[in-house]
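Take a look at this one chain, the form predicted on its own, written out in structure tokens.
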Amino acid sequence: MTEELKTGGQKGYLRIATEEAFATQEQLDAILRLVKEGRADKGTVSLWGFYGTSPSERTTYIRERLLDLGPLRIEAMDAAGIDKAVLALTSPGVQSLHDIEEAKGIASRANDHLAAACEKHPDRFFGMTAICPQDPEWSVTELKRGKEELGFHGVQVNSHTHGHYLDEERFDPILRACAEMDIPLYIHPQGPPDPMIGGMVEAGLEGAIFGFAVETSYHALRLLTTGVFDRYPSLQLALGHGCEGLPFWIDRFDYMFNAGVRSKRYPRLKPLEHGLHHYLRNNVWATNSGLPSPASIKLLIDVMGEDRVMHAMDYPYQYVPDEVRLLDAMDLPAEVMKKFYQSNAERLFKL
């Protein structure tokens, strides 16, 4: 008989899911309008042209549950034994929008909506701030409001903003604010920008199956290799989906980065204060969202350390309670299991 999953410390730890998505109807309407008008990039067209309009069982389920911050979500958490969820505005947030004033309004109202849900369910829901990187200074103000007024515990940026990345000078106020205000930065995927996406759509590989990880790991590597964490050594970066594969590749990344620095082949690459392994173990956190693999989780722990790896489900896009049963059975010491499911998330997000 399959064991019933329960909340409340069933296995000696609470289960905290750290990459769980929600949406507002206003956000979805704005994105679908861009798609309809032909002003969205290929990744957004592929993702939301499907999830926003398809009548299939999967897309109907996901749309309904993205918009729900109440009974359906609580019911799903209870059924999967999830005690707490860290919630963020679903990809691409407002980053695909062209009207900056509209984007800021949608992000601000989404933050208010999430804060109200967290206030209603204070033991279950915890929020991350949505920002509009198109306006970095406004985003800094919204980060401050999110932390000090709304009680949020981090910020989610849905990777690129019209093909631009957070290591670029224009976005430095956001990184500085995260470091100075001790706000964890969660970089979540979206579809690759048009110059990168190539033939991925035609191959059916631009989304969560492959393109998301390619694009987001590229973003993270830009931060790792351009001195961001030397400039802001207290900045904490979280990445989902097995840290977007970085721990598997880190030895090669480190070797080739240093070879590139020595050769002076790339003007932008300069010597760093530490090796890339150091930043992975001191500035980066991983979640296993969408990757319910004991072998992969053990690799993350081996490379990054047991204090920097956290649980996530990726609800509602990937909701399989049996994955929780699989991970509950991992061959890891009890104290490591508690860190994975509970205390690492409590420490990073200050829950």
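Don't overthink the numbering: it's just position in the shown sequence, from 1. Since the model is a prediction, treat every value here as computed from it, not as a measurement.
Just so it is clear, the following notes concern the form predicted together with a small molecule, a form of the same protein that is not shown.
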field: Candidate from A286, A312, L47, I31 lying within 4.5 Å of the small molecule in the model of the complex - any heavy atom
entry: L47
- line: From K84, K104, H241, K147: within 4.5 Å of the small molecule in the model of the complex by heavy atoms is H241
- prompt: Does any heavy atom of F229 come within 4.5 Å of a heavy atom of the small molecule in the model of the complex?
  reply: no
- request: Evaluate F212 for contact with the small molecule in the model of the complex, applying a 4.5 angstroms cut-off between non-hydrogen atoms, and reply yes or no.
  value: yes
- prompt: Any chance Y317 has a heavy atom within 4.5 Å of the small molecule in the model of the complex?
  reply: yes
field: 4.5 Å heavy atom contact, A208 to the small molecule in the model of the complex
entry: yes
message: Does the small molecule, in the model of the complex, lie within 4.5 angstroms of each residue among E19, R58 and H188, using heavy atoms as the measure?
response: yes
- request: Go through 104 to 112, 87 to 95, 216 to 224, 267 to 275 and give me the stretch that gets within 4.5 Å of the small molecule in the model of the complex, heavy atoms only.
  value: 87 to 95
